[in-house]
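As a starting point, one isolated chain is supplied in structure tokens, in the form predicted on its own.
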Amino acid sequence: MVTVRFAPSPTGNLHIGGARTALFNYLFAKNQKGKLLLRIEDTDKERSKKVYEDNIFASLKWLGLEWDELYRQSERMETYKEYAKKLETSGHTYRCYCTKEELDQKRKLYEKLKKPYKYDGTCRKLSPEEAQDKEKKGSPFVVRFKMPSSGQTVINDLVRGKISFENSELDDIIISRTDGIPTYNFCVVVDDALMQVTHILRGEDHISNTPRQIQLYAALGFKLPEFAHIPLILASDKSRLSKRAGAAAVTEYQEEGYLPEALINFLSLLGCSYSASEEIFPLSEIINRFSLKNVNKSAAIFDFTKLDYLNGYYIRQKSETEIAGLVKPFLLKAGITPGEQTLLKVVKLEKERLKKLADIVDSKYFFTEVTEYDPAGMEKHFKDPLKIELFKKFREEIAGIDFKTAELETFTRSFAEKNGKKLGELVHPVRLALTGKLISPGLFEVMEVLGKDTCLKRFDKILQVI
């Protein structure tokens, strides 16, 4: 059975890049009728926090990415010790007594020589007597793995093809720290082998770890899984993804009003192609179409415009009642308590314009008094005495009609023509008075939702503040 895993560290909230990795593993598992393991890699005691673990769980569940089995590395320490002992017994490891200061000096030397740092194997060359002397003195040590010094390590990557590494360029990695805690490269090999992971799908930033892990597989006698390294996600200018450019936590997208189905659809397109002409796919369709053959080698570009487009599409697929229920928490968070009937009317007007659920707060003028007016709009429409007089006249005459969309439009067009004005010369100042903005849904629809009393009061209010 195909078995994949998503293995986040609970040292921070689940960010968008991690969610994309989780999604690709989920899609592959479902497409292959396999299973997805969730492994919390929490061996870093100082940085691992339960609050981050809880965030990972909540984020994955919100996205709809359910896992089949759950593991925590902190609960598997005895297993790691057992396999570390096996490597020691078979002569594949040695104790390294180099101090931090000594290692820092070695790194500085490599920097001067403009060479990439690689541990030089000082303690690998210790004689038995020298090693015994260090041990008698109680010198602290780490345990290093003896990397082969010749030949090549080859990755037959399912996305990138054959990737070769010269073993002479691979340093003797640490598999156990001075406090006895095992390191990442060692733990993942033991876990992936014992959990019978068949395919490892992860970001291309892990490519450099893979040859070292392959050597650990060989030394432990484990069956090698297949590797697929997916492209990194870059900002629109092809720079490294930053928080401003999209590298936020999944929960932050949730809080901004993105729908899980939109985020899933968007993430599925980051580094993978399903169709030359289509971009909108429900999760079930993405699962059916997903294949490692369609994963790109080149970096994926994070495009907020596309994300907003997809989110707007998925919002519009919902009923107005559903949308009202989804946007209401954003209004409440902004201190606005909407009436249910008014909210439904506003949703009907705004649903075509919403890119994010939080955008509904921009329409707070339907629920609260207008307290601010667009400065440019005030300068343009409420400084000229003639324009003010025209506005006053409009307010007096419109008070006598029924505030229904059709009647409001007919009256306003007739009023503009009668007074020798273009329609926009009335629409813009009226909209500003009612919303405080220069842009809104259709003005006459807005007026009907607000009602005659509210509209007249707002007309009077703006005349008082000019």
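Sequential numbering from 1, following the sequence displayed. Think of the rigid core as the biggest set of C-alphas that the two forms share within 1.5 Å after superposition. If you're wondering where the values come from, they're calculated on a predicted model, not measured in any experiment.
From this point on, the text means the form predicted together with the RNA, which you will not see here.
Screening Ile264, Val347, Leu270, Leu216 for any heavy atom within 4.5 Å of the RNA in the predicted complex leaves a single hit, Leu270. Proximity to the RNA in the predicted complex, defined as a heavy atom within 4.5 Å, singles out one entry of Asp191, Asp374, Asp359, Glu204, which is Glu204. Although the partner is absent from this view, Pro385 stays clear of the RNA in the predicted complex, with no non-hydrogen atom inside 4.5 angstroms. Residue contact check for Thr89: none of its heavy atoms lie within 4.5 Å of the RNA in the predicted complex. Residue contact with the RNA in the predicted complex: Leu443 places a heavy atom within 4.5 Å of it. In the predicted complex, none of the heavy atoms of Thr21 sits within 4.5 Å of a heavy atom of the RNA.
Note on the interface: of 320-328, 130-138, 392-400, 304-312, the segment with non-hydrogen atoms within 4.5 angstroms of the RNA in the predicted complex is 304-312. Taking a 4.5 Å heavy atom cutoff to the RNA in the predicted complex, the contacting residues in 111-130 are Lys114, Pro116, Tyr117.
Annotation: Cα of His381 displaced by at least 2 Å between the shown form and the other one, core superposition. Residue displacement note: Ala416 has its CA displaced by at least 2 Å between the shown form and the other one (rigid core superposed).
Superposition on the rigid core between the shown form and the other one places the CA atom of Leu70 less than 2 Å from its counterpart.
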